[in-house]
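Have a look below at one chain only, the form predicted alone, in C-alpha cells format.
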Amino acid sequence: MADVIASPAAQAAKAPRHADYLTDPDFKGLWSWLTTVDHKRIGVMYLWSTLLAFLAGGIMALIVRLELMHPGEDFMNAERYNQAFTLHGAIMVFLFIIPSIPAALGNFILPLMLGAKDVAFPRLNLASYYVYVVGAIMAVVSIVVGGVDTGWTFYTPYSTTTGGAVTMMTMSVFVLGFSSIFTGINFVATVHKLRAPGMGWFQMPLFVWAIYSTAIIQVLATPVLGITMVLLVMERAFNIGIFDAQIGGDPVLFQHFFWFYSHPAVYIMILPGMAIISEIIPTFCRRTIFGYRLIALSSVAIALIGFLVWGHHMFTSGQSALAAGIFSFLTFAVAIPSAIKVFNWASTMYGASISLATPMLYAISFLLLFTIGGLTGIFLGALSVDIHLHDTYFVVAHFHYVMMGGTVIAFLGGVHYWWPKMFGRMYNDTVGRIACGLVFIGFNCTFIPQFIMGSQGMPRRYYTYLDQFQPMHQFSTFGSWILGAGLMIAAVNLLSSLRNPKNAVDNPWAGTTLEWQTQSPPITHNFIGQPSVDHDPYDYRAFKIPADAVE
C-alpha cells in the first residue's frame, strides 16, 4: 500500500511558481503561437484543429442518420447522401482520428514523459502542423467546389470516372500523409535519443511504447497510400490505365495498395488509444500495471503483424483460396496481442480500489466497446461468415466499435486525464461522468441496431432501404442524438473550465510518470533541471500518493 504524504498543493503554494508555456512573457501574442517550435503549443494547436474536424465530421454523421429515418428522400437526394457520408468518413479518418492522439496528445505528453525539453526536430514538428493545415484546407475546398461521393476508400473504377472534386480530395490525402510521416520521424528520433538519464526501454511508459509503434507504421505505410493517391490522380487526368480495366488496368490492384496502408492505418488509429488506456488504468487503480513487458511488446507485435492482414478486406474480390486462407489466419493472429492488452488491463483492475473519476469511466467504456469491436472483427476474419456479412451494416458497426468505441473514447479519456496538466484547470467531474454515461448509452443505441441490420442483410452505404429495416434505422438515429448530446456536454464542461483560475495541482490523479512531476501547466522548457529515472514507470509500491489527489 502506498504511503500518503502532506499536500503537494500546499507545498507548491509555498514553492516559487514559474511562468508556464501559456503565460511565458517571452512568448506572447498570436505571432508567437504561429511560429512556435514548442511541442506543447504545437500539440495544443493540433488539439483545437482536430477537434474542429471532429465537429465537422460529427455534424455530417448526424445529417446522414437523420436522412435515414425513413426510406427514400427526406431532405437529401441520393447524390447528396453519397457526398455526405463520404465527407463524414474522409474528415473523421484523415483529419481527426489519425492525427488526434499522436499529433495532439502525443506532441504534448510524449516529451514530458521522456523527461525531454522538446521533440528531436522542433522545426519539422511545426512544419508537420502546417502541412496538416494545408491538407485540411484542400479537403474543405474540395467540398465547396464540387463534393466527393466515392466513400473514404476512393475505390476504382468509380473514383476514376465519377465527377466532383475527387482529384482535389485525393491530393489533400496525399498532402496529409506528409504530416503523418513528419510526426512519425520526429517521435522515433525523440524516443531513441532524448530519454531521461536512467530511462531504459523497459522504464518507458506504455504510452511511449504505443506511440513509438504507431510512428513506425506512419513512416513505413503512409508512403504507399501517397503513391496510390498519385496514381489515382494520374489515372483520372491522363487515362494511363493502372486501375481501369477498360484501358488495361486492374481495379483490384487499387484495393491491394489502398488496404496495404489502410489496414495498418487502423492500428495507427487504435494503438494510440490503447496507449492512453495503459496510462489511465494503473493511475486510477493505484496499482503497478500487470504484465508491463507483455503490453509493451504487444504494441510492437500489432505494428508488425498489422502489415500482413490487408487481404481480409478482399475475401470477395476473387483472390485465391490459399491467399484467403492465409489472410484469415493472420487476421486471427493479430487479435492475440490485442487480447494480451485487454487481459492485462483487466488483471490490473481485479481486486483494486478503483477511483471512478471521468477518465477511468472512459477507460472502462473503452474496455467494453473495444472488446465488442475486436470480437466482431474475428467474425469478419472468418471466411464463411465474412461472405455473408461483407459490405453490410455489420461492417459499419464493427468499424465504429473499434474506431469510435475504441480510439475516440480513449481520446476523450486522454483529454480528460491530461486536461489539468495541459491547461492547469480542473473541470466539473460530476458533469464529466454524466457526459461519459450519455456517450456510452448513445453509442450503443446507435450501433447495436446496425449489427442486427447487417446480420439480416442490410447493405451499407445505401440511400434507401426496405421497410422492415425502418425501426432499427430510427432507433439508431435516436441513439446518435443521445451520443451527440453527450459529446456536446463534455465539450462545454471542458471549455467552461478555461474561464476558471488555474486551480489544478501538479499531480491531481497521483500519476507516477514524469509528466506529473512538473508543474501544471508545464514551464516552457518542461522541467527545472534534468529529471532522472530510478524506478519502473508504474511502481506504486515506492510512490508517495499526494494527499490532495482526486479519490
Partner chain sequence: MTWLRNLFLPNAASIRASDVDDLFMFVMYLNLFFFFLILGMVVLFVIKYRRKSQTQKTAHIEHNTFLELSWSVIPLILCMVVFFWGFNSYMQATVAPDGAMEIQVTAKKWVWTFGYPDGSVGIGKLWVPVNKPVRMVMHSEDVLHAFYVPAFRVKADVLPNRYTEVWFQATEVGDYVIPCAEYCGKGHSEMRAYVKVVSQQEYEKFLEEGDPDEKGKPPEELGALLYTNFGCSACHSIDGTKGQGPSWKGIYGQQHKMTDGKIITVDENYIRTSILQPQAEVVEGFQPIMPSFQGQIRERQLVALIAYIKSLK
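Positions refer to the first chain, counted from 1. Note that this is a predicted model, so its numbers are computed, not measured.
Separately, the form predicted in complex with the partner chain exists; it is not shown, and the next lines address it.
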| task | Please run the contact check for G249 against the partner chain in the predicted bound form: heavy atoms, 4.5 angstroms, yes or no? | result | yes
| the partner chain contact at Y462 in the predicted bound form, heavy atom, 4.5 Å | yes
| request: Verify the contact flag for E79: yes if a non-hydrogen atom of it lies within 4.5 Å of a non-hydrogen atom of the partner chain in the predicted bound form, no if not. | output: yes
| Looking in the predicted bound form, any heavy atom of D24 within 4.5 Å of the partner chain? | no
| request: Heavy atom within 4.5 Å of the partner chain in the predicted bound form: which of A127, L297, V230, A245 fits that? Just give me the one. | output: A245
| query | Which one of T376, T477, T167, S262 is close to the partner chain in the predicted bound form, taking close to mean a heavy atom within 4.5 Å? | reply | T376
| All of D149, Y158 and S328 within 4.5 Å of the partner chain in the predicted bound form, heavy atom check | yes
| query | Among 133-141, 196-204, 119-127, 345-353, which stretch has residues with heavy atoms no more than 4.5 Å from the partner chain in the predicted bound form? | reply | 345-353
